[in-house]
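One chain comes next, on its own, written out as structure tokens in the form predicted on its own.
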């Protein structure tokens, strides 16, 4: 059997919680393995607990794969990929851009695979997955027949695992431009330089369903490449889309031309400044969308992050007409859903508005949440109506 790693009593108690990660201080001192090794994990009495991927440098030392002693081989990974593919065929509708493999939630620790009109983009965040890459690529070819495969391995997370940064097309031909469809809206995708793997796929269903509420004048803050704005423009009279990045705004304008949309006013500005100036000018909107970057990327950031979300939502509520819709999001894992709701309650109080909560949403269904891994539940998206 493969190398054995013994965990402490504290580690055993954490393992009993079902969480698939064990940390460096959960291991008995003096133990190690090669980066990316599959190791057998045991308690201090020598009882087998499962098999896990080992990391030599990350604070997360072990990522569990299975509680079985059976071989973790090509057949094992092929079966897991088959389940992931079957699940997406059940839940993904009316789009050709979706997440195919979502790390631990699909049993592939440290691996992301997104599909853009049959072109796959892979992010490999663990040395164990890096070792398996040839087999994984072969299995993807067998099961989904991709037009191309691109490695988007430029995340800083790789540095924590001692992995190099790289972006490379490793299979097939990547079309340029690459265009995908999200319901009735089309988007240009830059899988080499765009955020994440090219698009924020986790917001796909929220963008679609937000458009149902669109009417009159709509404000889309942190518009990025125009996702919410272009969906809303189908029913709204006018959309104002605000984005600080000139590059992202240029892509958004290209997306508008691609869809024949001319009712969006594109504004390059800091969203906090825009909201402040809009309030001073007496502007109001029938719908406001807030989809900012994470304000609380660590626990230490939480107080400042809460303050940022509070300020943002309070300013937005001052601009919302009675009966108007606020769609507000947080992708900060370190700010739990209830804590974010409390921020919204405070924003409503301070803006002297009553807000009716209409929907509590998360990431799209191709981003399933593993109950034992709270870290896989990070996106909050609330639909509210100002009274």
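Quick caveat: nothing in here was measured; it's all calculated off a predicted structure. Residue numbers count along the first chain shown, from 1.
What follows is about the form predicted together with a small molecule, which we do not show.
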{"item": "Residue 272: touches the small molecule in the predicted bound form, heavy atom cutoff 4.5 angstroms", "value": "yes"}
{"item": "Residue contact check: residue 126 to the small molecule in the predicted bound form, 4.5 Å heavy atom", "value": "no"}
{"item": "Touches the small molecule in the predicted bound form: residue 223 (any heavy atom, 4.5 Å)", "value": "yes"}
{"item": "Residue contact check: residue 207 to the small molecule in the predicted bound form, 4.5 Å heavy atom", "value": "yes"}
{"item": "Interface residue in the predicted bound form among 77, 200, 98, 266, criterion: non-hydrogen atom within 4.5 angstroms of the small molecule", "value": "200"}
{"item": "The small molecule: the contacting residue among 71, 172, 175, 293 in the predicted bound form [heavy atom, 4.5 Å]", "value": "293"}
{"item": "Answer range among 136 to 144, 150 to 158, 239 to 247, 102 to 110 for contact with the small molecule, defined in the predicted bound form as heavy atoms within 4.5 Å", "value": "239 to 247"}
